[in-house]
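Laid out below as structure tokens are two forms of one and the same protein chain, each shown alone and named structure 1 and structure 2.
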Structure 1
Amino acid sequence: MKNRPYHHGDLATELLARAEQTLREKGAAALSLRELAREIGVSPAAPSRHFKSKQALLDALALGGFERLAEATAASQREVGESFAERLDAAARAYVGFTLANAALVDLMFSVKHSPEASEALRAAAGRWSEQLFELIGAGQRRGEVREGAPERVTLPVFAALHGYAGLAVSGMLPAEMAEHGLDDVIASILRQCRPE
């Protein structure tokens, strides 16, 4: 009856793909392992062979999100000028754009609830990405376009502003008049706070 062989071949990746699709369309809360299995045409217990719990599936999604975010950030820096203002602008728009395009996923990534062992991998992936921000700031400092100071202590406020703006925009809590110039204003304020004396 079923044309599908007994073994699916690559259930894990198809689970992740479909999960991310439903995540995007209906949010994290509406994600159901059983429904996923039903869509793929596999028994309800099959997913548990690849993800020992629903949380594990979510952790895997979050991990992939960080990797893609890191890639998007790197890409934004590849074809842009060398001035700090340009590079920051590109990185900021890459980050906020990614967040707006993957709201539920980003929510997952920065969610508090992660299984302890996944937390390690997540922290690592997040670190691999935030290093790009350190490097961005560091380069600006070397060019004399960013004020002096320990890179982490200069980078944190920058990143916080971006993260905060993206979160506010996604939550729909921004009145229209703020959303319009919102990102521009945030970027401008970051440049102002980074300026050397």
Structure 2
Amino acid sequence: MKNRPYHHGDLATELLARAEQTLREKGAAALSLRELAREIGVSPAAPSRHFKSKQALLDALALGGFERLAEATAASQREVGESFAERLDAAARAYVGFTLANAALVDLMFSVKHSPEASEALRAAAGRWSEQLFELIGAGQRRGEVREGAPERVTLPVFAALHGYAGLAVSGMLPAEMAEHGLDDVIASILRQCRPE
């Protein structure tokens, strides 16, 4: 029997990369620390130095996903105008683009963060991303471009519309004629819904 090495240059990073690939190709149920170790060529015990369980690996994947989503959202706001419409448009396209490119990861992110076993770091990362949306709405309210109300309550229908649209797009449920301009229509509807009364 061939002995596999325990040590690896950056095993945690390699495990996460392989795990995300498996998630994308086969789903979360197919993830196994033992199988990942075999694929990478390290001993079956090696992953436990970084991830004590499959749940810890799932948490780490979701945490990384929220961090990347927060960065994509922040990047969308750097080269955009000051108006709420411009900022919302950029943030919406960043969210939908991220979701389309990482559908399995986004599913994991939004399911694992609600798990009782979710780490505090994961909950904090999800909260940081949510705060970006609340701040976008709050800034629009301060400029008089968004209706009054608790930012969390104004944000919920915005997120629901974007998440719903992304889900339809990922599942292939959008007819081709709707896919081309569908996001434009969703953003226009959100902007109408957010206008001051």
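Residue positions are counted from 1 along structure 1's sequence. Between two forms, the rigid core is the largest collection of C-alphas that superpose within 1.5 Å. Predicted, not measured: the structure shown is a model, and the values here were computed from it.
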Block containing the form predicted on its own is structure 2
Once the two forms are fit on the core, has A121 moved its CA by at least 2 Å between structure 1 and structure 2? yes
Did E67 shift 2 Å or more between structure 1 and structure 2, C-alpha, core superposed: no
Q) For L23, is the CA shift between structure 1 and structure 2 at least 2 Å following rigid-core superposition? A) yes
